[in-house]
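Given next, in structure tokens, is a single chain: the form predicted alone.
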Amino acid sequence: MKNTNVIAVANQKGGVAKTTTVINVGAALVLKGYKVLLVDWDPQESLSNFLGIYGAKNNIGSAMYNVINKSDFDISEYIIFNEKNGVSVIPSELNTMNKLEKDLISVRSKETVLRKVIKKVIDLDEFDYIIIDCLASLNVMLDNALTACDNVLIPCQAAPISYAAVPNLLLQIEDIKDDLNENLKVLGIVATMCERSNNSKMTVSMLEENYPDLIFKSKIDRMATAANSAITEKACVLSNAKDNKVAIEYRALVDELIERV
């Protein structure tokens, strides 16, 4: 059996490069020879759309409903391989996910449903890494992701408003660790969308000062190449452009990540 590592990429603040981080970390791991599954756990479908998937019938939400309803299903039918990036993905779907978020409130052991879906994936014995792209929230949906994973990777935009969200997420992680997932740990915090501005530099300094054991040495710059990668549907790390600094930074981040895992 493979030793499958399940990583949730989370931050309650939106626009901090969560999906960009998921895509590039996943693709960089593939470049190192690992088999990677990405799970789009966000109703906005950003990860799915990046990989060219829209309105998938077999999506992570419908898999969740099968677990809730105790229906037998083959999880492999929900997994799509994306040849361009070398990763597999279980996509999201807006309407299913929005309904799920409301229905989960009344489900027994509501925080553990995603863990049961992920267990089915692990039992396939195909993947070295499963990376969950979380929605920007601290609700029961995030509780599910934190209960299902081994590690949490926190992208934090190098801006004061993003930094302010980190303590609340860390508190929620501790609550889940105490009550539902005793092996859960914070893999680290990665500063993203870094700029030359004083605010950006100050935020990075605050992260380094207050979370010295968590902050990754690798930092991700704000560059057009990251934004433009959605147009090509191809991860930045797969580009050979010499001026693609973000690719170099994400590859360095993955080197650190592997060491920490």
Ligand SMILES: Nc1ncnc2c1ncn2[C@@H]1O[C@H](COP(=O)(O)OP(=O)(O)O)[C@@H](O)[C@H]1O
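Everything quoted here is computed from the prediction, not taken from an experiment. A residue's number is simply how far along the shown sequence it sits, counting from 1.
A second form of this protein, the form predicted together with the ligand, is not displayed here; the remarks below concern that form.
Among heavy atoms of Asp221, some come within 4.5 Å of the ligand in the predicted complex. Under a 4.5 angstroms non-hydrogen atom cutoff, the ligand in the predicted complex lacks Met202 among its neighbouring residues. Using a 4.5 angstroms limit between non-hydrogen atoms, Ala227 touches the ligand in the predicted complex. When contacts are judged by a 4.5 Å heavy atom cut-off, Leu37 does not count as touching the ligand in the predicted complex. When you look in the predicted complex, the only residue of Leu207, Met64, Met193, Leu29 with a non-hydrogen atom within 4.5 Å of the ligand is Met193. Of the stretches 29-37, 52-60, 66-74, 213-221, only 213-221 has residues with a heavy atom within 4.5 Å of the ligand in the predicted complex. In sequence order, Lys13, Gly14, Gly15, Val16, Ala17, Lys18, Thr19, Thr20 are the residues of 10-26 having a heavy atom within 4.5 Å of the ligand in the predicted complex; the partner itself is omitted from this view.
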